[in-house]
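In the form predicted alone, a lone chain appears below as structure tokens.
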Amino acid sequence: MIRVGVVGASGFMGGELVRLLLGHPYVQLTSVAGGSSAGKTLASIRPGFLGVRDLVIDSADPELLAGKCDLVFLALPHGESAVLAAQLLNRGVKVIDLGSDFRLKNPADVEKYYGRPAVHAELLDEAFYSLPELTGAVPEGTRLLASPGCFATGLNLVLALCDGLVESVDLFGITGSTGSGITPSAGVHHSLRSTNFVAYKALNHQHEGEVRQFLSGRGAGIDFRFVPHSAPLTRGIHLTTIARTPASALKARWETLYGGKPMMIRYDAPVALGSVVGTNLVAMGMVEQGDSTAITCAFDNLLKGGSGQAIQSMNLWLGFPETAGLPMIAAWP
């Protein structure tokens, strides 16, 4: 039984990590930690835990965490993981970072896409970027995993499917408000979002950097343009693209890439976001008309796009069943 901890437990991603890890058959959750929330009970912030587990939030002290944990998940705001990650690695603790601090390999790209310098840039090359369906087993000797961004997860999966069949695609994306994190802002304020729908960061989303890096590393030749949209949803990501190639070619490639992968489902129809929200699944649908195929892709941004995917990577890393501790059936409608 491996001892695991979660830093950032009071946030959306961290709270989902705690919820899933408490039911994981092969791990023992030995620490939930935070900053300003230290000393509070997790149930006082996330009432769903009330009466289930009386978890008190630890301070995010590396010495304390190293004494309690063999592996720590970092679910912190972008730019805040690197210092703690380095301190934990120096104490022999494995780290999975759900933030953006270790996704990009080139410090110049960190500046370009996130507008800040890379912290502990010496760890960028060491971090293994883990998207299980496309990266597979974690290399032996790995100490640090970088988990993909939510939109990057879907973009990578769709673009890898299309690569070699078309030269370029345009993608239309929709995301729910939890993708912006727990701190209130105009972008996620209920009054501004509940009856609204808007494009943002058009052709300039920060996840494009890690997607282009990942595709380049695979030797992919496909180019893309991406426009994300903010929708009046709490959870979920939905992507749509049109590829000028027959569905038969895409289905054959899907079988090569994703056939037998437990988190991947294919439909011969457009996919409904509700069919995957609350699960760690990715649903892809294909509809052909003439020489073109409409591809839709849906998944839960907090699970397959975040905490669930990080646990899936941990499972592969530590030799557990890939689906261990992960929800596979949606509660919809």
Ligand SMILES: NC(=O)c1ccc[n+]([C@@H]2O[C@H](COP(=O)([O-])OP(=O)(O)OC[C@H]3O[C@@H](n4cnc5c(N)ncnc54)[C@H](OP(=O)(O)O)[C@@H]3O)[C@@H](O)[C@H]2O)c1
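Residues carry their position along the shown sequence, with the first being 1. Note that this is a predicted model, so its numbers are computed, not measured.
FYI, the form predicted together with the ligand isn't displayed, but the following is about it.
Think of it this way: in the predicted complex, the ligand has a heavy atom of just one of 246, 132, 181, 262 within 4.5 Å, and the residue is 181. Taking a 4.5 Å heavy atom cutoff to the ligand in the predicted complex, the contact residue among 75, 146, 72, 155 is 75.
Only one of 22-30, 47-55, 277-285, 303-311 places residue heavy atoms within 4.5 angstroms of the ligand in the predicted complex, namely 303-311.
Put simply, residue 273 is far from the ligand in the predicted complex: not one heavy atom of it is within 4.5 Å. None of the heavy atoms of residue 289 is located within 4.5 Å of the ligand in the predicted complex. Of the heavy atoms in residue 8, some are within 4.5 Å of the ligand in the predicted complex.
For residue 98, a non-hydrogen atom is located within 4.5 Å of the ligand in the predicted complex, even though that partner is not displayed. Every member of the trio 34, 60 and 80 reaches the ligand in the predicted complex with some non-hydrogen atom inside 4.5 Å.
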